[in-house]
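Shown below, as structure tokens, is a lone chain in the form predicted on its own; questions about how it binds or moves come after it.
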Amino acid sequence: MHAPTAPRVPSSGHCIFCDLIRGAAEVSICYEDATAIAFMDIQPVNPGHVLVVPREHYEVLQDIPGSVGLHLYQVATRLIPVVQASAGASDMNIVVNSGAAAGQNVMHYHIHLIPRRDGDGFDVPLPFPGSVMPNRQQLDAMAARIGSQLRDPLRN
């Protein structure tokens, strides 16, 4: 059995998103409520690239309380058709980079809404070209490991 994971300690570093939320820097807001704020990405993949952000500082996905995560997802799904229509895009990538190794460069949790058009040049290739297809035994073993952790009564 594994001991429960200790809660993450937020970094003490400066957070540009917290500055934006407090009004200490320029931001182009397209949605806000008491829990969430959505604004235009200043280095957009495509026009209409929006970030959905909790007002309270949480660094990564696993730090987000369930109710806040659900609300952020509801805000994102409400914004998607409006962003698509406004940007003239038929499709959408919803991207969460959770942690530095996953490509997160602002350590304040956020959801990217990226409007997509045929031939726009952006690519998130899945399956990943460098991945090796595991055999069924490896897949079953990982599924069992994950499932047993979910059922562990000592897990938080």
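Remember, predicted model here, so these are calculated numbers, not experimental data. The first residue of the shown sequence is 1; numbering continues from there.
The next section is about a form of this same protein that is not shown, the form predicted in complex with a small molecule.
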- Could you tell me which of 83 to 91, 61 to 69, 35 to 43, 120 to 128 sits within 4.5 Å of the small molecule in the predicted bound form, going by non-hydrogen atoms? 35 to 43
- Evaluate Leu113 for contact with the small molecule in the predicted bound form, applying a 4.5 angstroms cut-off between non-hydrogen atoms, and reply yes or no. no
- Any chance Ile21 has a heavy atom within 4.5 Å of the small molecule in the predicted bound form? no
- Item | Touches the small molecule in the predicted bound form: Cys30 (any heavy atom, 4.5 Å) | no
